[in-house]
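Read the single chain below, which is given as structure tokens and is the form predicted alone.
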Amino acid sequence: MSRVITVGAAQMGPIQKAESRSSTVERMLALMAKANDKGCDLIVFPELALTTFFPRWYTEDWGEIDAWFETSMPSNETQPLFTAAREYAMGFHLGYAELVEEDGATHRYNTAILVDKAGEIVAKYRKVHLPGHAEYDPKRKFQHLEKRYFEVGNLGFPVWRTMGGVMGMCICNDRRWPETYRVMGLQGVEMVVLGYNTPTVNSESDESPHLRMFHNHVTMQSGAYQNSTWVIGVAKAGAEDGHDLMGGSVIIAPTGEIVARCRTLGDELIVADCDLDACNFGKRTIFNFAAHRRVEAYGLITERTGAVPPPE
């Protein structure tokens, strides 16, 4: 049985605040059609792929904010994606804002789902590492209010055996944290799919765009190499409501090498044949966890959150 998954990384150009979900879905369907023409088994869309990146705006009107959230999946607007998945026999990954009633309370999450070739939701992940801040900050060039509009994800970092391999998910800022990949690596992950919406400039500093793109890629490449897994990182890109998003979507091999990269800031599809058996070499040699990890030396990772230097 083949262990090759042909993956399409479906970068999306900007989604303006005034753009409707239905028009955005039409763009996504066009990318799915291109992926089908190229024989893709799986297509990966970005974080918050259905709307503009609304955490850049501060408001106290929760009705206004909730209009950006999905209360069901699929919805009337997103059902065509599921229909296309069944028609093409192509799985997809989708990031969106989730509004849900659980345990008698309303919760809001930055969420991603994995849909299989039959058009069925087989996995859900909620973003754990929320960046930014919770209240309006006049010192910033623009706001980044994920901590205001989302709760910390409550599903952990699970993996799922689906579409012929062991699949995992994370979202945007999660990709910068080695613990994200290692928790999935300890479950034998073979492919991590993720979306991101990353500003070209930092809201708090003059960090160069070149350095920001380097950090974007090096964190995903490190996660891929150190856990011997494929990583598919897919961006929203371009000038969105006057705010630039960096793009730079990539498909990364278990060696840490970038095998495909988007070159534009618009809707763009890159494709690679991802052999899941390519994960085996690293998993049985240098990153053979059972042979080489020393958990007795890692206690601080779970015992302490913030850094505490030794006394002077």
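All figures in this text were calculated on a predicted structure; none of them were measured in a lab. In case it trips you up, residue 1 is the first one in the sequence shown, and so on.
Omitted here: the form predicted together with ligand CDV. The next part is about that form.
- Think of it this way: in the predicted complex, ligand CDV has a heavy atom of just one of 131, 158, 178, 209 within 4.5 Å, and the residue is 131.
- Only one of 193-201, 226-234, 81-89, 180-188 lies within 4.5 Å of ligand CDV in the predicted complex by heavy atoms, and it is 193-201.
- The candidate spot formed by 47, 53 and 173 is fully in contact with ligand CDV in the predicted complex: every one of the three has a heavy atom within 4.5 Å.
- Residue 126 falls outside the set of residues with a heavy atom inside 4.5 Å of ligand CDV in the predicted complex.
- Of the heavy atoms in residue 146, some are within 4.5 Å of ligand CDV in the predicted complex.
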